[in-house]
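In the structure tokens that follow, a single protein chain appears in two forms: structure 1, then structure 2.
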Structure 1
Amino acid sequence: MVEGIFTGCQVPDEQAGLIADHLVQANLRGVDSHGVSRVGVYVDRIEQSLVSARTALETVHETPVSALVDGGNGSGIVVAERAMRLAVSKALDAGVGLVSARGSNHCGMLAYYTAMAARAGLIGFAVTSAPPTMAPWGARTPFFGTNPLSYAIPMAERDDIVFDMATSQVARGKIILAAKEGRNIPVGWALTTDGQQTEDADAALDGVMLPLGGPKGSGLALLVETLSSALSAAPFGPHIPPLYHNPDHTQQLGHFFMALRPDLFRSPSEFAATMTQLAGEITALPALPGHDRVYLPGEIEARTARDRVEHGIPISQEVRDELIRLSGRLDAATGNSR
């Protein structure tokens, strides 16, 4: 159904399949904020010609270990997948691959791309800039996006380690949820439009997000902005137009991907044995009250995915209605009833 909606917008079959796979994978992993709830805004922007329906990457500059690619304002998920595929291919040949992408759009969940590298036996990294919602440390107005970063490490005897975090104190979704439920938020998550600390979730949503741990998250966000935007010549910080409620401007986002071969340093079997031991020791540590045991990054998401494959993905009525409406309009237009 999701794939059919995108082919109904003139997205080529294979690219529509990739976008659908990405969004469903996000839901399976429990990252519902980056799942099929995004179909609506992606379709809107394609139909308004603010995102190209057909994504064609241009390689602007290339070396054996690197590439700068331009996504031609195509779908962010397609641009990012192609860029990481290129980084993986270069790493398999040269040991390491670094790919900077511009002319892209919202690329969903970074974990999708770093997990690709891990499946190829590589350590993967990915970062992306995003529209401004977060103040640098010491500032009271937005500049950075939530500027997430992700890495993945291949594991021989258990799920690959897959880590994905925003550099903000909390995900914006937690504030949205608190606002919906009429709850206060802790001081330190966000500021009001006047730059005041606030416990009021509604005031926080109108205001500005704060970086993780003050100068630490702010410095990480600056690194993300530099790698994603400055290296690729994509717009940075306040020059990035919003994803939502923006009928006029393309986003032209920048991302950065890296993959590296562990056997640059050690034999694959030795590295795998060490990682198995390290993971085993961490997960066997005595747990804090309220934790049933210690989990590795991505372990809970992988468990959720297995559970949801078996029992289905819970989708809100609102998202369900939207998908049915879009499918009726677009899927029918292509004669595609999936």
Structure 2
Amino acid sequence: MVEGIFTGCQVPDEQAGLIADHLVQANLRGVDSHGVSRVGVYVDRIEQSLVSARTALETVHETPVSALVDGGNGSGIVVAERAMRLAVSKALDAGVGLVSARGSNHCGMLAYYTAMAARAGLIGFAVTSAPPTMAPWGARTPFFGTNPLSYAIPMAERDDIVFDMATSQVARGKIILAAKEGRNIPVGWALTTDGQQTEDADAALDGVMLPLGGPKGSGLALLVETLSSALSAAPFGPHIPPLYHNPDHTQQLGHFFMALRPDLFRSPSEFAATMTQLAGEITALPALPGHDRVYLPGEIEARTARDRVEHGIPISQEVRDELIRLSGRLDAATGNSR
């Protein structure tokens, strides 16, 4: 259904399939804030000519280990996938691949891209800039985005380690999804416009996000901004237009991707053995009361994905209705039937 919605917007078949796969994979992993709930805003921006339906990457500058690419204001998911694919290719050839991207848009779940590197036997790293919703430590005005980062480490005998986090207290997508579904949010995620704690998702969206761990999250957000925006010459901080409620301006986001071949330092077997021992010792630690055991990053998401493949993905009625409405409208416009 999601693929058909995007082909109905004149997105090429291969790119529509990639976008659909990405969004459904996010839901499979339990990252519902970055899943099919994003279809509506992606479609709106394509139909308003704020995102190009067809994504074509241009290589601005390239070396054997690096590249700067411009996405031409195409789909962020397509730009990011192509950029990480290039980083992986360079790492397999030269040991390391570094790709900076600009002219992009919201690229979804960063874990999707770092997991690509891990599946190729590489260590992956990815960051992206975002519209200003989070105040730097000590400030009361938004400047940074939620500025997420992700890494992935290949594992020989268990699920790959895949870590994905916002540098804010929580990904903004979780607040957007809560507002769409009429749910409250926990206190501590965000402040209202007058600086008060709130459980109201709509008030939080109008207000300001809080950095994770105070100055620590703020410092990480600055690193993400540097790698995503300063390296690529993409807009930064308050110069990035919003994704939602923005009928006039393109975003032109920046991203950064790295893939690293572990055998630059150690033999593959030695590295795999150490990671197996490291993971085994961590997960064997005694668990706190209320926890069944200690998990590695990505383990719970991988388990959720297996469960949802077998039993299905729970989708709220609000998101379900939106998908049905979009599918019906675009089918009618293109003369398709499914």
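For clarity, a rigid core is taken as the largest C-alpha set superposing within 1.5 Å between two forms. Numbers given to residues start at 1 and step along the sequence of structure 1. What you see is a predicted model, and the numbers here were worked out from it, not measured in a lab.
Which of these two, 1 or 2, is the form predicted on its own? It is the second structure that is the form predicted on its own.
Core aligned, does the CA of Trp189 move at least 2 Å between structure 1 and structure 2? Yes, because once the rigid core is superposed, the C-alpha of Trp189 moves 2 Å or more between structure 1 and structure 2.
Angle, in °, that the smaller rigid part sweeps relative to the larger one between structure 1 and structure 2: Turning angle of the smaller piece versus the larger: 27 degrees.
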